[in-house]
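Have a look below at one chain only, the form predicted alone, in structure tokens format.
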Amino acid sequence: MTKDEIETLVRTELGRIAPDIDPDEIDPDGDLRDECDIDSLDFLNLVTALGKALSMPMPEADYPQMRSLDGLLAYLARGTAA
């Protein structure tokens, strides 16, 4: 999966979880939960949806790597490159 495909997937899933947020206005280095005004359950739903879509385990221990949009995209790129 390409970087653009991963980003499209993430933005689509964010749109499902936080429909009032414009994904283009998310600060890529900001705290993703704050940027999207989502709680821990929403974040878990996001991670679960991405893990299923990419057939990729995303353990809770790795959540700090997914704190920002850029961090999440980099994490997914590494995970899908293997």
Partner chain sequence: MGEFRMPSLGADMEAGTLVEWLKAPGDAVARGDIVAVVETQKGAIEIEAFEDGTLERTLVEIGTKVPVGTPLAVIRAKSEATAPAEAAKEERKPAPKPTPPVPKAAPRPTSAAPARPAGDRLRITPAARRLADEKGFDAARLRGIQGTGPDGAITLSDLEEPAEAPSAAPAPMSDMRAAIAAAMARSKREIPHYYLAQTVDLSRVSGFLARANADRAPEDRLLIGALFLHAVILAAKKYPEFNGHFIDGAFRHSAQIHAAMAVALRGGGLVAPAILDAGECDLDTLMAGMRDTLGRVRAGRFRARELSDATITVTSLGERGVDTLYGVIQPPQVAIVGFGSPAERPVARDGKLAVALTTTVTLSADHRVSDGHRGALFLRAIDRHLQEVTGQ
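Positions refer to the first chain, counted from 1. All figures in this text were calculated on a predicted structure; none of them were measured in a lab.
Separately, the form predicted together with the partner chain exists; it is not shown, and the next lines address it.
Discussion item. My question is simply whether residue 74 lines the interface with the partner chain in the model of the complex - judged by any non-hydrogen atom within 4.5 Å.
Written reply: Output for residue 74 is no: heavy atoms all beyond 4.5 Å of the partner chain.
Worksheet entry | Heavy atom of residue 34 within 4.5 Å of the partner chain in the model of the complex | Contact check for residue 34: yes, within 4.5 Å of the partner chain in the model of the complex.
Worksheet item: Would residue 18 count as touching the partner chain in the model of the complex under a 4.5 Å heavy atom rule?
Response: Within the cut-off, so yes.
Worksheet item: So in the model of the complex, does residue 38 come within 4.5 Å of the partner chain, heavy atom to heavy atom?
Response: Yes, residue 38 sits close enough to the partner chain in the model of the complex that at least one of its heavy atoms falls within 4.5 Å.
Worksheet item: Using a 4.5 Å cut-off on heavy atoms, which residues of 50-64 contact the partner chain in the model of the complex?
Response: Contacts from 50-64: 52, 57, 58, 59, 60, 63.
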